[in-house]
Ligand code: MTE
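The form predicted alone is given below as one chain in structure tokens.
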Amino acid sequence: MKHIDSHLHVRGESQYLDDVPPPTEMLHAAVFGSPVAHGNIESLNLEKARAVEGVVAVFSAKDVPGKNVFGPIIQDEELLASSKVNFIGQPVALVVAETPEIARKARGEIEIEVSPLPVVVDPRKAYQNGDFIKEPGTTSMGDVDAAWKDCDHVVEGSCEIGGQEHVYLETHRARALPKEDRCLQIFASTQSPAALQEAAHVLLGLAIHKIEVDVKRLGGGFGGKEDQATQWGVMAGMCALILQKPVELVLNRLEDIQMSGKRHPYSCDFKIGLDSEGKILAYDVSHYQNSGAFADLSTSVLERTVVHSTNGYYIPNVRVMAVPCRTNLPSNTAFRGFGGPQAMFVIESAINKAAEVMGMPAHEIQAKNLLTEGQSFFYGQKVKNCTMTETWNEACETFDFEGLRERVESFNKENFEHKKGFALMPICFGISFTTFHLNQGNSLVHVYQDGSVGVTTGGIEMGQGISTNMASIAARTFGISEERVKVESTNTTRIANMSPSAASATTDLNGNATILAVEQILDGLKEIAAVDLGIEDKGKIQIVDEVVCCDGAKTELTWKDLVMKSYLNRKRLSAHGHYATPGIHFDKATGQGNPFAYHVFGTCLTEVTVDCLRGIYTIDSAKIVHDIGRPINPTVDRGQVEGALAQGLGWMTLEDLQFNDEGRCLSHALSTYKAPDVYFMPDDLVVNFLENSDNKFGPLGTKAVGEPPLMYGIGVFFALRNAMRAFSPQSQLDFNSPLTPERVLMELHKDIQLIPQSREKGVLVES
């Protein structure tokens, strides 16, 4: 089965928010953002904007109908800033006009006076100032301080980890329509319709049932629309509610990059202790998260950073300090991996630095410390159904790791300016929300009289194939063709209280709920079939390829006939399924518990070639063994692995997100922010799924695939670093990402200084 939307995408028939014909008299909104990163608002003049021909209204904080504060975890952000601004682009006013062009023109007429306050963009400086989203917390296992004396090698270091722009194709947007009795219908590009509905309830002063949010599909999300889509939907809704006319709000690319949060940058310190054989005895790490101006999802992102700090390794003594630091940047937010990638980068950096000090290959230290069945993570959960070593061993054997080592060593001996490097990257990623109540999903299934089926869940289709998975799960559970199944838009009037499509849990939660709904309907269908066929035990009934079978033998009764007979006999042909992940618990105060239903494991082998005189490089190959369980749709799942890898490679190499000291984004457009393209990807890309794997927590035995493969991209950093060390073994290379070609060049030749002799020229000398 292919991705069910693929033929629509190829023909340009897939409908996104902008493709829905606009209603009559629809107005357009534009957002006026703060021109400075931090300061008190002294005055705000909206009159010139209101005087522009074609402008219908201009709104500020005083016009917000309800309570002007929101936030998914900590309510600390205003919809429209009232007295103080905290980052460049923070929304201050809304212009509503007859066309988008008029709205943006009028926005330029708004005058604001801000008395400046100190701007902080560095999380360590925010930490020194005591400016936290939440107080620092520490999670530990064993006795780290006592363990150092037993270590033959103790190594310390630091990492600077860059952020990442989501670069979804469809920027933030929403369309709101006023309905009778002060009701609102909002079409939004959001991963979390319920969050938008709940925020609108507070900010607009409406009961939740008066707000309907509908989402057909997104043009990409990657976490950037899990929570940050909320405010734009509410703004459109506010304008529509006040003016009683349809209103659309669309951010262009420049506005989107300036106003929205990114992957969190981190600044980290590590200390690692090992015995002479390479066994890790102790690990101490401090994570300083750059949270941005407001809480958003930063505390939850940091929780996942903490619990993924040891990646796929067993370490008996661990201490993790983590603090979300408030800075004057747009509030950083969810991004594929949700804090896990930053944590894994640090432990891999610690292992690589230890390997350099000890004079042994990093992959030997990695292999000696991989998790095995029954061991405990430092947050208390035991490792179950562990395939960490299986994926590692299969990757080494299938992809001839020893042959690769010999080939790379031979190449490096024979070449001066070009060097090759390789790295193995194991991953271990937990599946479930660390926030307990979000681990639930719902599905509404209808079987119509002609045998066709409609499925509505809380899952959002954003290119990851959730619609394909839901159709396949429903069809396979019923025993019918996928062509009979239509997956409806996600709508808060059909599915209430839905969790966001995030945490790699969307297929698990909604797929299991769909199975439960289908099974309710199947029970009645089998009862009718048993009566019709004169069989006492309905448990003998199965539906296979749309034919009713008894003990595996086909009968004359077809799916369509059975559905009609059930309808005429008044059996239920609609059902609602609710699924809650069993066996999970997590105490956020202590950082201990069993937060994940299961873990995903895998290993990636990456090879690179670096031109060490110019700093440029190619990624020659990326070869992966990934534990997917029993894939629902191998084609869709393989696409997820490859797409996540591309995003991870980009984060580690090209995507250099930069802000200046005034808090202004310098990589503010696709001309100044480089994302990977097809030519950047390795020509030799292999994805093998681990065979004979199963997962009782996943629908039909599958494992989540959305986020874990992104972490394979971390391996390219260390492959590049190994190539650089082959060129300059004595260089003290930093653990700062992304490792752009410019950074490669400067790292390799940082002992070269430019000493000016005159204003016109300089001379290069070795220090």
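None of the values given here were measured: they were computed from a predicted structure. In this text, residue numbers run from 1 along the sequence as written.
The next section is about a form of this same protein that is not shown, the form predicted together with the ligand.
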| property | result |
| --- | --- |
| Non-hydrogen atom within 4.5 Å of the ligand in the model of the complex for each of Phe222, Ile466 and Gly706 | yes |
| In the model of the complex, the residue from Ser309, Thr507, Gln197, Ser291 that sits within 4.5 Å of the ligand by heavy atoms | Thr507 |
| Heavy atom within 4.5 Å of the ligand in the model of the complex - residue from Asn512, Thr456, Ser331, Gln640 | Gln640 |
| Partner proximity in the model of the complex: Arg173 to the ligand, non-hydrogen atom cutoff 4.5 Å | no |
| Heavy atom of Ile541 within 4.5 Å of the ligand in the model of the complex | no |
| 4.5 angstroms heavy atom contact with the ligand in the model of the complex for Met259 | no |
| Touches the ligand in the model of the complex: Ile624 (any heavy atom, 4.5 Å) | no |
| Candidate stretches 214 to 222, 317 to 325, 381 to 389, 569 to 577, one within 4.5 Å of the ligand in the model of the complex by heavy atom | 214 to 222 |
| In the model of the complex, residues of 335 to 373 near the ligand [heavy atom within 4.5 Å] | Arg336 |
